[in-house]
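Two forms of the same protein chain are encoded below as structure tokens; each is given separately, as structure 1 and structure 2.
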Structure 1
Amino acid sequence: MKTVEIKLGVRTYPIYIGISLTHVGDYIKDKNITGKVLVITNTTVNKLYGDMVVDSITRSGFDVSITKIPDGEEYKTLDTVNGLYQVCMDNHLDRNSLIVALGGGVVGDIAGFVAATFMRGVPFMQVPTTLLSQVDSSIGGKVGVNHPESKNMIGAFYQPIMVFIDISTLKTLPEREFNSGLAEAIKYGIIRDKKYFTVLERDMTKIKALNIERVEYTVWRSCQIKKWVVELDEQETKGLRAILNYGHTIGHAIEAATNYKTYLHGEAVSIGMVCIAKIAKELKLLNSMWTHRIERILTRAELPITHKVSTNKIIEKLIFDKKVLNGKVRFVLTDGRPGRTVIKDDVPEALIRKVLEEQKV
């Protein structure tokens, strides 16, 4: 087992990596939760792990119930949240209760948002079951839902009491979903750690084959890098946390332009990262060798690097990005090589259009 601690004063919490879901209840018991426990999951994850988690929590002496939401990014809406508020009411949750998010990024974001806003805040924990949520979305306290115009536009910063990661859940993850999570891991190498980027290049075949040692290292190192960013800029007020959105500005626009139905999040981010690398190359921030290596590692991860979306639609959605400031779209760009970034708000629209068109098939 590996542990990473997110140090945020009174909001400090641990990330446990490599423990079986059969022990979830034991770890909740150690957190002195005295109220009821509500597990929020989706229909797919419930069939695989719902009973296991509920049984574990019940054995630890808690009054636990479970509720399911539909599976898919298109259900990450306020309508879904409103239905969950009613579930909280029906189960008589109070401020001593606990909400458990069991699932991927969509479940974690929705359950966290419900926890942040029901009764103005009840404790919650993340139990991520996808690679994307294990390396990224379950960590750092960003919770929320989508708006038809923009991804994650409605939300809050609300930290969990812990993150509990069982690597073995990845064995039941569809390959496309696993690849989607690899995009976020690769992102960490690009924005912060050249050595990690090189390790991912070296180990990609083993990671995709679910070599437990290599997968656990990938999750652990990704969590470490996100820890560094979150501790320095928890609520994105200092400009540092924005680097976590490398490739996301264009990626989110692609998701919104396709109504969240065509590309998985990591797939859209993969396309966004290639576009951003090529923009950096055009601005003479990144050389051809590094641009090629970024394209190559994403291709080896079996992620898309081209798209079939209207350039005009993508451009229209960019203005709704959360990083827009004073009407200017800000892009996180690689500066020189992986591990160094710069944020620019003066990228010419003509250049953005040019790159989007080049990546269009």
Structure 2
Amino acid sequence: MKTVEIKLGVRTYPIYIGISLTHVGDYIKDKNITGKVLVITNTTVNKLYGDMVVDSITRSGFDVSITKIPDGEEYKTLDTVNGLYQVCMDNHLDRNSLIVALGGGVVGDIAGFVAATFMRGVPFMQVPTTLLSQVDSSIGGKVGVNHPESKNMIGAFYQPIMVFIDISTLKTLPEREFNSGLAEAIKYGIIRDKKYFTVLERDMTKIKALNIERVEYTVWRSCQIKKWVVELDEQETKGLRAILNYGHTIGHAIEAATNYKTYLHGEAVSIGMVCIAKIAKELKLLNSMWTHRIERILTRAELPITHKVSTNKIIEKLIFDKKVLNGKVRFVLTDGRPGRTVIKDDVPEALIRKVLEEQKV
């Protein structure tokens, strides 16, 4: 088992990595929870892990209930949140209670938002079960839901009291979802740690084969890098947290241009990372050896590096991207090599078009 601590003063919390879901209850016992425990999950994850988690929490002496939301990003809405507020009321939750988010990023974002807002804040715990949520969304306190016109538009910064990661849950995760999470792990190597990038290159076959030790290392190192960013810029006010958007500006535009139906998030980010590496190459910020290595590692992770989307549509979405500042789109670029970044808001549209066209098949 590995631990990473997110140090945020009174909001400091541990991430436990490589521990069985059967121990969730033991870890809750160590926290000052005296009220009810409500597990929020979805229908898919409930079938796989619902009983295991509820049994564990019951064994530790808590009064626990579980509620399921339907599976899917389309349910990440205020309507779902409203339904969950009713469940909180029916279960008489109070500020001594605990909300446990059991599932991927969708469940984590929704349950976290309910916890942040019900009675102005109830303690909550993340139990992420997808690779993406284990390396990214369960850490850092961004919680929220989608607005019909824009993703993640409604939300808050609300830190969990702990993150509990059971790597073995990844065994049941569909491979495409696993690969999507790998895109975020690779991103950390590119934005912060050249050595980690090299380790991922070396270990890719083992990681893909779910070698527990290598997957645990990958989750741990990814969490460490996210920790570094979150501790320095918890609420994205200092500009640093924006580096986590590497590949995401174009990735989000690709997702939006395809109505979120064609690509999983990590897949769109993968295409975005290749595009941004090529833009960096054109701007003489990255040499072709590195762009080639970035393409290669993503291909080995079985992630897409090309797309079939209209360039005009992607550009249109880029312009509406929420990160547009004074009419300018901000891009996170590598500066010289993986591990160093620079943010630019003056990338010529013609260059973005050229690279998007080159990646189109």
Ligand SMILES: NC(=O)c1ccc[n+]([C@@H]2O[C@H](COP(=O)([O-])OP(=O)(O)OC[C@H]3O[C@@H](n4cnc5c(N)ncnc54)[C@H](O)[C@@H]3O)[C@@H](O)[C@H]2O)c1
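This structure is a prediction, so every number in the text was calculated from the model and none was measured. Take the two forms, find the largest set of C-alpha atoms that superpose within 1.5 Å, and that set is the rigid core. Please note that residue numbering is based on structure 1, beginning with 1 at the start of its sequence.
- Taken from the form predicted together with this ligand, structure 2 is distinct in origin from structure 1.
- Once both forms are fitted on their core, the CA shift for K194 between structures 1 and 2 remains under 2 Å.
- Once both forms are fitted on their core, a CA shift of 2 Å or more is seen for E149 between structures 1 and 2.
- A257: CA moves 2 Å or more between structures 1 and 2 after rigid-core fitting.
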